[in-house]
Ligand SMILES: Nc1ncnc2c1ncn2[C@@H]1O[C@H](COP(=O)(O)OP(=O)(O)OP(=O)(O)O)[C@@H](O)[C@H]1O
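So this first bit is one chain, no partners, the form predicted on its own, shown in structure tokens.
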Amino acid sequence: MSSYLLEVRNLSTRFFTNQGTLHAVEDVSFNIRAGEIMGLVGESGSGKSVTGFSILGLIDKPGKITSGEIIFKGQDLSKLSPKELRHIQGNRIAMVFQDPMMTLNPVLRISEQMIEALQAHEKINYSNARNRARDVLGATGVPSPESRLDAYPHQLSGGMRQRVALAIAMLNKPDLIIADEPTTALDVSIQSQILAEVQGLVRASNMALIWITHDLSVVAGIADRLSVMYAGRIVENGGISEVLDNPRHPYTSGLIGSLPGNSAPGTRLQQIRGLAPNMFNPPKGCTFASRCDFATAECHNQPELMGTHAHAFRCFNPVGNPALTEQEIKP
């Protein structure tokens, strides 16, 4: 039996529109164990959110999972019917969105929404459901949780609404939470508080967490593993220290180099030249080649993931010591 809670194998998701076929996610594979935090990083349009939605079965027409497997606790979620998926959505796998108002109904009190989320998946009376909702609110850092239960979403601050959305995700004690940039719109101090609370809750409950973000500094502080996405594909993955301290893919190296803290005072910030490709008509071969300073003729072919299980990358001309690449094997 696999030691992984979730195994995503060769996942591809496309959107069939009047403008053509959008290749949103292409051949994505990764694994995550119980109690592990994985960061999924990339710029806007790289396919991060679509990957999360695909796992949870939230891809609507004209989108469709065209290939791959999503193995959760030994069961392929991509083969389940909508009715079977509903027993897992919000129960065994929960999602926290960037905008908490995608989770919260503006015309219902917090208590009604949390109690409804509990009663949708288990038989529990109103009093016990309210008590559990209050306790989970308190665990996610909401002050005076009893009184907050009677509030409407518009009566709460942005940070407080995001804590409520996190509490709803944790109500049914899921095995996996997918967090889609939930702290992006919050100020730095509130963001750091929520990150610390999330990390503590994940460790205490042994649940797994996929944290989707474009901010490397966020995942550097909370993640165990890191997967970097570009143009629908994972171009590098491995342990957080292996990837950040020794990036092998030029895109990962460019992301790290573009952080303000990595430039000397008074110098220009580093940047990745060019623009991301049009995924309605993706280029043949390596999708990063047109922006890469290390591209060669070989890059007209699509590179496979190479390296080790601990640190893999999709590049013919990786950054760093060339001798290291010769010693590595495909995962």
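In case it trips you up, residue 1 is the first one in the sequence shown, and so on. All figures in this text were calculated on a predicted structure; none of them were measured in a lab.
Unshown form predicted together with the ligand; subsequent notes refer to it.
Q: Can you pick out, from Pro303, Gly45, Pro283, Gly68, the residue that has a heavy atom within 4.5 Å of the ligand in the predicted bound form?
A: Looking at Pro303, Gly45, Pro283, Gly68 one by one, just Gly45 meets the 4.5 Å heavy-atom criterion.
Q: Of Gln191, Ser253, Thr140, Gln98, which one comes within 4.5 Å of the ligand in the predicted bound form, counting heavy atoms only?
A: If I apply the 4.5 Å criterion carefully, the residue I get is Gln98.
Q: I'd like to check something about Ser49: if you look in the predicted bound form, is any of its heavy atoms closer than or equal to 4.5 Å to a heavy atom of the ligand?
A: Yes, Ser49 is a contact residue.
Q: I'd like to check something about Thr308: if you look in the predicted bound form, is any of its heavy atoms closer than or equal to 4.5 Å to a heavy atom of the ligand?
A: Result no; Thr308 lies far from the ligand in the predicted bound form.
Q: According to a 4.5 angstroms non-hydrogen atom cut-off, is Val319 in contact with the ligand in the predicted bound form?
A: Answer no; every heavy atom of Val319 is more than 4.5 Å from the ligand in the predicted bound form.
Q: Find out whether any non-hydrogen atom of Asn10 is located within 4.5 angstroms of the ligand in the predicted bound form, and reply yes or no.
A: No, no contact at 4.5 Å.
Q: In the predicted bound form, which residues of 13 to 28 put a heavy atom within 4.5 Å of the ligand?
A: Residues within 4.5 Å: Phe15, Thr17, Leu22, Ala24.
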